[in-house]
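Shown next as structure tokens: one chain only, the form predicted on its own.
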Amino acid sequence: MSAPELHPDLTLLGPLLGTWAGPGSGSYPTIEPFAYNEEITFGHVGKPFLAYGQKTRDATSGLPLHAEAGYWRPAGPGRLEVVLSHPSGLLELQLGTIEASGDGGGAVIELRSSAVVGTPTAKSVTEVHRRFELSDDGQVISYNVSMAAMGQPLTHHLHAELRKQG
């Protein structure tokens, strides 16, 4: 069975398809700095969205740290809606933009939470910002994540540089 054709609304998101992996680092005022290894996968089924899965492991021990899953949806020219679910009891709705950059298929994606909802046992997170940069050759994604959580203002939390696999 052949792969479904990419929906035309996903043209700008198409270069994200596949698996990406690499190292990252994290810090936050309420925790010790840490290093991790990450894998992100973007897939599609021919509909106007990308399925997204992410997982990280401690760079030293290899133990699982975090995971999230969701969907990236185009919301008009240059606009995105992202829905994410975290096993820690959080749900994020992110709204943002995607802009082509350079001549070889690069892009810049800016996302800001419009809602972060937690279960009664989830840690308090009130805001999340994410910025992704896809290199012009389509082989590297780097990102920065900032969050407001646990009574702290919006503060840098994560940075990673991931390379396309396969």
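Note that this is a predicted model, so its numbers are computed, not measured. Numbering starts at 1 and runs along the sequence shown.
The following text describes the form predicted together with a further copy of the same chain, which does not appear among the structures shown.
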Is a further copy of the same chain in the model of the complex near all of 27, 35 and 58, within 4.5 Å of a heavy atom of each?
no
Quick one: is residue 68 in contact with a further copy of the same chain in the model of the complex, heavy atoms, 4.5 Å cut-off?
yes
Report yes if any heavy atom of residue 49 sits within 4.5 Å of a heavy atom of a further copy of the same chain in the model of the complex; otherwise report no.
yes
Does any part of residue 31 reach within 4.5 Å of a further copy of the same chain in the model of the complex? Heavy atoms only, please.
no
Using a 4.5 angstroms cut-off on non-hydrogen atoms, would residue 77 count as touching a further copy of the same chain in the model of the complex?
no
If you look in the model of the complex, which residues in 72-96 sit within 4.5 Å of a further copy of the same chain (heavy atoms)?
73, 75, 81, 83, 84, 85, 86, 87, 88, 89, 90, 91, 92, 93, 95
